[in-house]
Structures are given as structure tokens and as C-alpha cells.
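First, one chain by itself in C-alpha cells, the form predicted alone.
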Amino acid sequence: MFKAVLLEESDGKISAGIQDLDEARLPGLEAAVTVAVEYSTLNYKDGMILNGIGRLVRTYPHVPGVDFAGVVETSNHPDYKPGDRVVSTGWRVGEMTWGGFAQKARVKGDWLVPLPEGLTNKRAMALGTAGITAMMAVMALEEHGVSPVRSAQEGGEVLVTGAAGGVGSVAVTLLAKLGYKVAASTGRQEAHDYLRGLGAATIVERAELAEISKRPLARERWAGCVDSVGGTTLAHVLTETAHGGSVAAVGLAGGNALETTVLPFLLRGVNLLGIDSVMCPQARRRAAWARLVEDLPMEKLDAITETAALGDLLTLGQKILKGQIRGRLVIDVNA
């Protein structure tokens, strides 16, 4: 038996509770690996799933949790054996199949990566999908010519929107460590000192970016951007991105509609880069993990990480939707 957060549906209503489940209820998969989970992470998407928002989950009963880290118990996959430490992010775990808000999880071995050397399972979950996504966004900016040297020479900052959230917090920390001058956008006054502590040189109020610019091209402000908001914020940022700059778009909290023109792309050569950390190829996923270990100051990661017990999850799932959680929240499933 193992404890898990189980979501059930009745007459279109979703209920959630912690239950003791038999291992026989875990999904049957080919080349499967069963993991004794130690830690998971609470992401915005988890908050939506826990509260029955959207259609991220199609089949009930369901165990959510899009990330987890733990130790292999049994394996039908050639790359993993009992005792191996592994991490799962992406592949729609916690959406299409049962996820990490449980003391046991079973997934296809191809969806796992070995715990990167230099990380503990707890720190790996302090990174989780948010960390991988932030790193992939930074890598994409680099690959399209955004660099600390160019940013310094041209005087353009790199903007991070939704900066107090999971992806944003890691992105600000990474970019600052790599030598960029970082502007952090937030709508929360109490997060200003927090973001400066992560390395932000400038704080941009969310309201500045909340409306689509009246002109298709505005003053060039940003050498690049990691945008985790989308919607009108993304449309606004595109009008202010400098010639040859790039915007790495990673989230849809502000909606998936994009009201813009072709002028940023035609007249300024702006690159709009979509970052998908869910179905990402393994080679790039592993490269991103390696870069996180190399480039992210772990003391900063620890400073923005809090730990909670599985029993607190339902309350926390409501708080994250209200923007009341900043940084990274790790779930100790055995606490």
C-alpha cells in the first residue's frame, strides 16, 4: 500500500483526497519502471489539475503531479535497475498517466532521466519542470544570438515576465549568474526585494506590459525575453524587443491568443521561440539538466525553495492559482 492524492470525478465534479492505494492500481505500461517517490513539485499546472480547471486530465481516477524524483524499485527497462536514482519531468506524466503526488509511481523508462550528478532528489525537484523550462529558454536565447556581451554593448536588458513564479525565479537567477542585466516583471510589490536578491537589476511593474501597445513597434527595450505569461504581455513585449532580439515563450497563464502584427518579425527580425519541455527530446532534456547543475548557484536555489507535506497539497494547489506562492515548492510525499 502507498499514499497518494487521488482525484475522482462524479457528475462532472472533481474531488480530491489522500488515500491508501494498492500497487496493483498503478498503470500498466510497456518497459515500465516503478519508482519509490521521495519528492515532487507543485507547479501552476498542478494547481489547475487539483482544482478541475481545464481539460488537462481526461481519465479518472487520477493521481496528479507532473514531476517526481525517487529511487527505482522494479524495472522492465534496460537502462534502469533497482536502486537507481531517477527524475521525471514532462511526457504528460500527471496528466495522461498517473504522476508524482504519491509514494509510488510507474512510468515508461524512456520518460525518466538519471538523477544528474551533483544534485540531490530534493534539489532536482526544486528545479523540476520549471527549472528545465527556464534552462531551455536560456539555451534557446543563446542559440539565437542573445549574449551578455551583446546585451552590454547594445544596452538592452533581458526581460523575465512572471518573474516571481517558478520558471521566472529560476530564469532570473540563471540569467544574472551568466552575466546578463536582468529586468524582472511582477505585479506583486512584496516580491521586489525577492527578485533583486535573485539578481534582477530592474523591476518592471506588470501593469506596464498588461496592455497591447498602440503602435506595432515601440521603443526598443529588450535584448531578449523569457516570457512565462503569454497573452497581451507577450504581444506587448514583442513590440519592444530590439532588432535581432529573441523572445522565448514558455507559458500561457495570460491566454493563448496573440494579437500582434508581422512588423516585429519583418522590420526588426525578432525571433519568437516556443519552448516545450513536455515532449522535449531526451538529448536536449539531459543537456538542460547538465547546464542547470553547471550554471545555477545552488545556494540561490535553496533560498527560493520551501518544502511541504503531501497533506498540505490541496490547500497549496489553491494558493498557487492565486499567485500566493513564489519560488519553488517541493512536496515531501513521505512527510
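Keep in mind that this is a model prediction, so the values were computed, not measured. Sequential numbering from 1, following the sequence displayed.
Keep in mind that the form predicted in complex with a small molecule is missing from the display, and what follows is about it.
When you look in the model of the complex, the only residue of Thr173, Thr133, Ser88, Thr241 with a non-hydrogen atom within 4.5 Å of the small molecule is Thr133. Residue in contact with the small molecule in the model of the complex (any heavy atom within 4.5 Å), chosen from Leu198, Val158, Val229, Ala124: Val229. Within 4.5 Å of the small molecule in the model of the complex, a heavy atom is found for not a single one of Glu142, Gly245 and Arg286. Taking non-hydrogen atoms only, Gly99 never approaches the small molecule to within 4.5 angstroms in the model of the complex. Under a 4.5 angstroms non-hydrogen atom cutoff, the small molecule in the model of the complex has Ala253 among its neighbouring residues. Taking non-hydrogen atoms only, Glu30 never approaches the small molecule to within 4.5 angstroms in the model of the complex. Among heavy atoms of Ile325, some come within 4.5 Å of the small molecule in the model of the complex. Figure note: of the listed segments 216 to 224, 261 to 269, 178 to 186, 72 to 80, the one touching the small molecule in the model of the complex, with heavy atoms no more than 4.5 Å away, is 178 to 186.
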